[in-house]
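Below are two forms of the same protein chain, given as structure tokens: structure 1, then structure 2.
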Structure 1
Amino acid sequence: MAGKDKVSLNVAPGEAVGVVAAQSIGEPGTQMILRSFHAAGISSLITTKGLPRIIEIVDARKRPKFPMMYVTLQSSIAKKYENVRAVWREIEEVKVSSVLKSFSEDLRAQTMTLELDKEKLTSYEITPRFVASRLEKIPGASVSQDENAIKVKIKREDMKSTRTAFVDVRDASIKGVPGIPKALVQQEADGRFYITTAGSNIAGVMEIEGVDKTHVYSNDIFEVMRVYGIEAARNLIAHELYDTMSDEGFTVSFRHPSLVADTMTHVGTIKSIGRHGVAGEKESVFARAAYEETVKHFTNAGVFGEKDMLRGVAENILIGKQISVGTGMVKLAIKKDDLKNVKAKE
């Protein structure tokens, strides 16, 4: 297992690695609460950094609150700003609403008039005709253009569906990768440019010419799993946990978030740390009941005749039995003859 720190990764047999990992992540988490939620005057500026981001990861949220990507460009164009800017134009999604100055609707005539903003069209380097050509692809829509105004007529059965269609027209994507409302060109210290995005769509970005397909980074764990596989998602979980704590100024050995990532992904999909995931799917009845929903687990165990073999830590603590951790793993035996000799000496 490769780690980011220089500490030896050798683990003594019987060491309670789960408890140590929980303590190593949980203790900094209490400090993050103080820094994040108790800081006067900045509560409105809290984003998914610090503890909220850690909770988002270990809860295995299907979609992060603030998805983002780092898009690396091919080495042949990475230092050429104009080429990078051309890639940026292909990535950032432009909707009809992004270039609108005003609009009007006539529900009876089922027509909608769009007045386009010249400055916004220039900034996105698109023309009114380009916008009209995209709107023509909407089923049942007839489009006519007059300078910076576009008139759209959509045939629908009733007024409600017409109104819904008009909303869809304003939300229609005319350029860029769906799901990426904002993209920004940034430069590294060595002069190379890269693109950061608000929103994540790995598959869509990888189709754009000039993008280095092997170096597209997203903080969306489930999307990474869908595109790159479970091992990539496991690495992302471990590094996101480690980097989040490092950004807050805490020094944590990489082995601890790595163990959490292994636990969440070892079954081939991503499981949350909680009653709907890892803790709620343990083999032991006592271990499940000790976490949450105690009555439910005991009731189900009684109804279905489940057995608890008492192999884990939590269940043995509950019944007062020695746990198989540390010296508890050692089983000593003595020969009868040797025992007789010991008693004889006493």
Structure 2
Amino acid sequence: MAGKDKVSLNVAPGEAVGVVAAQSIGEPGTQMILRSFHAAGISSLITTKGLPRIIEIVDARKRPKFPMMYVTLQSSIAKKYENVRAVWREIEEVKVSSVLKSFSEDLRAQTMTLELDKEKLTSYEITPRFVASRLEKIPGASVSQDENAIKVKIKREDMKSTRTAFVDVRDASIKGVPGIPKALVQQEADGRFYITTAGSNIAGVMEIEGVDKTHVYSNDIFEVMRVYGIEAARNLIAHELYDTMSDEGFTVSFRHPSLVADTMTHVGTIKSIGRHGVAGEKESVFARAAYEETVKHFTNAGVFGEKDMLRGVAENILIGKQISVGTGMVKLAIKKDDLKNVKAKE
């Protein structure tokens, strides 16, 4: 479609592009409810798909429900499974709890005894010594290690903070990238391996050797904004909306999700569509009152003496004036001198 017929892609001045975009996304959306089903157990990694994903994007959640990443590796190692496996080991986060066989807590003595699972340790290629060295980094902890048994003594003021400290010990990260509880090595059709992860940490993954920094994909829009900037986030919103719809078999013109993305990122950060975002921060009192929480907006406007310039669509419909859309946008005027000619003719 690109560049094929430029004229047909142009939009006439005054066209209500927002309404067209809303309808073009909304109509297929209604069908998605009926068709979407749960793909439980089909894929090893769960991601949000279909309508729930679209709602998630438009609501601008701080984190997606299932954040995930695709990590591509440098072409020199991408075909060698052993090397890819080595990178994978660096990525997947291993916590103390995942190598534990058993543990016991003594709150009064403020000591915790951990027994590590030998098999799990070898599969992650970790030594008990390494685990102990990591636990020493917890403030106020003194660690003694003997074979697979580790004793941690924690100095805390009271029993409650001792308890939370014990939980922190089990939750402590030993190796890997924080925020990535699970990673999988997968293979592409051409034989190259790549890594998919549950959880997202772009900056953390990029620090690992062997990762192709320009070929990382994350579905966490806010994280993309922090790492790459607002324009990349805007493009991710538009593409995610477009891709989720085409995955379900609906073709939408790219300009519609594109407009949604532009509206959401207009202020330089990501705002949701809806009460707490774009719709709730409109300039016009009437437009806000027409949407949700009518009484609240009117009382606030009364108390603070807000003005309504009646420039938008909703407020003009409300008061029964012509809306400034399409032909309603232009105003006709006549020059004073021309008026004389008209009168003369009569």
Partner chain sequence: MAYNYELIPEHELVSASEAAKIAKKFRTPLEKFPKILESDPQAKKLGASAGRLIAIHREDPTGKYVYYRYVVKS
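These figures come from a predicted structure and were not determined experimentally. Definition used throughout: the rigid core is the maximal C-alpha set that superposes within 1.5 Å between two forms. Numbers follow structure 1, counted from its first residue as 1.
Taken from the structure described as the form predicted on its own is structure 1, whereas structure 2 is drawn from elsewhere. Hinge residue, chosen from 298, 25, 222, 59: the C-alphas switch from fitting one rigid part better to fitting the other at 25 when the forms are compared between the two structures. Remark: the rigid domain rotation between the two structures, smaller part against larger, is 9°, computed from C-alpha superpositions. At residue 337, the distance the Cα travels between the two structures is 11.6 Å after the core is superposed.
Superposed on the core, the two forms differ at residue 311, whose C-alpha moves 4.1 Å between the two structures.
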